[in-house]
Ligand SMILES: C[S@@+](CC[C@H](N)C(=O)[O-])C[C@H]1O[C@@H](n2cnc3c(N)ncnc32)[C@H](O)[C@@H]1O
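Form predicted on its own, single chain, as structure tokens, below.
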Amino acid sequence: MPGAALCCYNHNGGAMRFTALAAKGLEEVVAGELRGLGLLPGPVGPGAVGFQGSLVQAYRAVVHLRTARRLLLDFGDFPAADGRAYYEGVRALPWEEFLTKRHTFAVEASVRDSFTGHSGYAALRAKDAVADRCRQALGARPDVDREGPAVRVCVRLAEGRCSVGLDLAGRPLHKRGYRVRPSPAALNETLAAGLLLLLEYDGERPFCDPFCGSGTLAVEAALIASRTAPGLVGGRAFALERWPGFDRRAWERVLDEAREARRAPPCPVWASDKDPGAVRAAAANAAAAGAGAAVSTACRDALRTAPPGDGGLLASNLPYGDHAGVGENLGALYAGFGDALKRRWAGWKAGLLCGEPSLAKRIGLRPARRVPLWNGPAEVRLLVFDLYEGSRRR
């Protein structure tokens, strides 16, 4: 039986180990958020940031983190050189501390440089191991519920080891619940928030997205400006509320603290697009997020849009022909927008997410920074421009 380094649920409020999963390129942003919550992040690895804390601190993290994809309670870590060692390692964990005959569970797996390259197989074997352990310990197998399980198990196989975590939220944290009018080219909410934090946006200056699409960047900007914790949006429930040892009183205190921290945004948040349907979607999504009064929407051509104030932040996910911008002359669009930035937006900072390097060059301005990020499977670049009178063209 392989040994497993356990970090079991601590009913006495002691320190436990957690892992915040992040999109590639946002690990340091997540670490900064943890520091802002009074937590000391451990070593930052690819797509993951570990930390230790109490259960109440974990409650606070799951409510406040803007850029983490998931927040996991570390439950086990062991060698998994082959399928048998993997199955036995998962089965050795004390699942009966979290699962009863009445609880449901689901397993998600990711694999990299492991004995199997098939995440579906890894999830199935882990599910069998959990069920077999519970049958032995409880006399019955708990049911599987892929949509809304009480315990969502996240298994990560990499380089001969297996890490097992339990998802405190139960579903990815980017699913805020406000995207009632989605768009096929919309940014992931956590990536949008990460982009804003990389641009040092704190809501104390005007914000504008002239290619707003369904409005994700503008909504996330409004949430930052109003100091609204993402966990307060959409009235969502969290899996941890069904865990054994859940402290309802401490959880309500965390939520009350978050509600008391909210404020009216001190500066305007503007979202515009030349597509009337996109503008309607942005307005609907802002309203669903409780930010309808904070986000001003308009139907405008980005090349003719004037700044809605002085010295703000412009941030946009530019179309690059994948979903958005198909059929457009994107080279001319990028060149025209670069000219518009130079002529109209002096005094502003611009952060443009670009997925095609040849198009990015058509902007014609020299970026102060280039930040590599990942939008799902696609590598993109955040180009940061400090705009001022007389900006040099390439």
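As the structure is a prediction and not an experimental result, all values here were calculated from the model. Just count from 1 along the sequence shown to find any residue number.
Quick note: we don't show the form predicted together with the ligand, though the next part is all about it.
Novice: Would residue 301 sit within 4.5 Å of the ligand in the predicted bound form, counting heavy atoms only?
Specialist: Output for residue 301 is yes: heavy atoms within 4.5 Å of the ligand.
Novice: With heavy atoms only and a cut-off of 4.5 Å, decide whether residue 183 touches the ligand in the predicted bound form.
Specialist: Residue-level check for residue 183: yes, a contact with the ligand.
Novice: With the cut-off set at 4.5 Å between non-hydrogen atoms, does residue 214 touch the ligand in the predicted bound form?
Specialist: Yes, residue 214 lies within 4.5 Å of the ligand in the predicted bound form.
Novice: Using the partner position in the predicted bound form, report whether residue 275 sits within 4.5 Å of the ligand, counting heavy atoms only.
Specialist: The answer is yes: residue 275 has a heavy atom within 4.5 Å of the ligand.
Novice: Thinking of the ligand in the predicted bound form, which stretch from 155-163, 134-142, 85-93, 267-275 has heavy atoms inside 4.5 Å of it?
Specialist: In short, 267-275.
Novice: Identify which of 319, 231, 76, 206 has a heavy atom within 4.5 Å of the ligand in the predicted bound form; exactly one of them does.
Specialist: That would be 319.
Novice: Would you mind picking the one in 346, 365, 333, 359 that has a heavy atom within 4.5 Å of the ligand in the predicted bound form?
Specialist: Among 346, 365, 333, 359, a heavy atom within 4.5 Å of the ligand in the predicted bound form occurs only for 333.
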